[in-house]
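Before any questions on binding or motion, here is one chain by itself as C-alpha cells, the form predicted alone.
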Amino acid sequence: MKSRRNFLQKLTLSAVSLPLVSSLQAKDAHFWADSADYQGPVLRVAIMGLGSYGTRVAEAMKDCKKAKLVGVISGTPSKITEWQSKYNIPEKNCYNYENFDAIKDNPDIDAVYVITPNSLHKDQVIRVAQAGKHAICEKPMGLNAKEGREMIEACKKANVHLLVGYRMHFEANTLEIIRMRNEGELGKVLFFQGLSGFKIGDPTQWRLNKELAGGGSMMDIGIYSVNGARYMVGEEPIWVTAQETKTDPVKFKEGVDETIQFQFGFPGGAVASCLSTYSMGNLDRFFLNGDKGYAELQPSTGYGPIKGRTHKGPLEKPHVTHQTVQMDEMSDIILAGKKPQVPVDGEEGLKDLIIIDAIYKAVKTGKKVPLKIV
C-alpha cells in the first residue's frame, strides 16, 4: 500500500514538474513505468514498415526503459501476425497502410516510427500527424527539401513532434569528439573526411528503384557523410561541389547514383571531402583535423561498436545498441522536453535535404553551388 501511495505521489509531482510539456504531450504521458531503475512516462510506439531495419528497431526496443513497442503498421498481413506473436502486440494496435489513419482514435499509441521506402515518408508522416500522433521518420526524411518543409508544416499544424532517426546523434564516442571540438581540444577545425559506402546486392531491391528511393547511394548511405560533416565540423556548409561516377549503368539506372564524391566549404574556413558509393566496401570512416589535434571514427556509422581514436589516444566509451539509446532519448524529447546535444528534429532533417538537393545540382551542372541553410 505504501509503495502504491509513493508511486501515485511521484506521478502527481512529475506531472506538475514538466512545464515544458505541451498539453498534448502531457495527455500522452499517462502510461508510466515504475521499476527500480526508472520511474516515469513511457513513449508507446507503433512501427510502420516491418522490414529488416524495422525488425532491428523492434529488437532494440526490448531493452528500452522509456519507450515501448505497442503497435504495427504493414502492408503484409503475415508480418503483422508474426509480430503480434513475437512482440505481444494486441489486435487493436495493428493496422495496414490503408486504414492506419484510425490510430487517431487509439489512445494507446503515442507515436509512429515510419521505416518505409523514402518516397513514402512524406505522405505517411503527414497522415500520422493528422491523426494526432508524434512522427519519427527514418532518414532521409523526404526526397527533397520541398517535401521536408511540407512534413514540418504538417506536424507543426497538428502540434506533434517530428523527429528523424539520427541514431549517431546519441552515440557516445561521436558525442565525445563533439565535446572535444566544442572545448577547443582540437583547435581550429581545418578538414573533415567522410567515407560512406558498401557493395549493394540484389539489383531488384527498392533502394535501386528511383521511384521508391529518390536516388541511389546518396539517399541511403551518403547522407551519413552529409550529416556527419555538419555535426563533426560544427558548422553549416556554405558551398558544395560534386562529381558522379557510374561504372554499371544497367544496375544503376538513370537517376540512381552509384558513386558521388562531394566537397563542402564552411564559414570558419574548414573544407570537407566526402564519398558516397554503392560499389565499394570497407568505407565507413570519419576523420576530423584541427590545428591542435585530430579525431577519427572507423567504423563511424555502422551499427556498432563504433571505434575511435584521437591525438590523445583511443576512444573507449561503452557500446550500447544505438536504436535502444535513440528511442529512450526520443521519449525524453517528446515527453519531457529534453534538448539533445545534436538535434534530431524535422529542421535537422530538412538541412540535410537542402544539401543533398545542392549535391545533385552540382553533379548536374558541374559548378560550385552556394548553400544557405535555413
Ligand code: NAD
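From a predicted model like this one, the values you see are computed outputs, not experimental measurements. Position 1 is the first residue in the sequence shown; the rest follow in order.
One more form of this protein should be noted, the form predicted in complex with the named molecule, which is absent from this view; the next part is about it.
For a residue to qualify, one of its non-hydrogen atoms must sit within 4.5 Å of the named molecule in the predicted complex; all three of 97, 167 and 206 qualify. Here is the short version: of 277, 116, 289, 106, the single residue with a heavy atom within 4.5 Å of the named molecule in the predicted complex is 116. The partner is absent here; in the predicted complex, the one residue of 303, 198, 294, 191 having a heavy atom within 4.5 Å of the named molecule is 303.
Figure note: of the listed segments 266-274, 235-243, 159-167, 128-136, the one touching the named molecule in the predicted complex, with heavy atoms no more than 4.5 Å away, is 159-167.
The named molecule in the predicted complex comes within 4.5 Å of a heavy atom belonging to residue 52. Using a 4.5 angstroms threshold between heavy atoms, residue 212 counts as touching the named molecule in the predicted complex.
Contact check for residue 258: no non-hydrogen atom falls within 4.5 Å of the named molecule in the predicted complex. The shortest heavy atom separation between residue 231 and the named molecule in the predicted complex exceeds 4.5 Å. Taking the named molecule as positioned in the predicted complex, the residues of 120-148 that bring a heavy atom within 4.5 Å of it are, in sequence order, 120, 121, 138, 139, 140.
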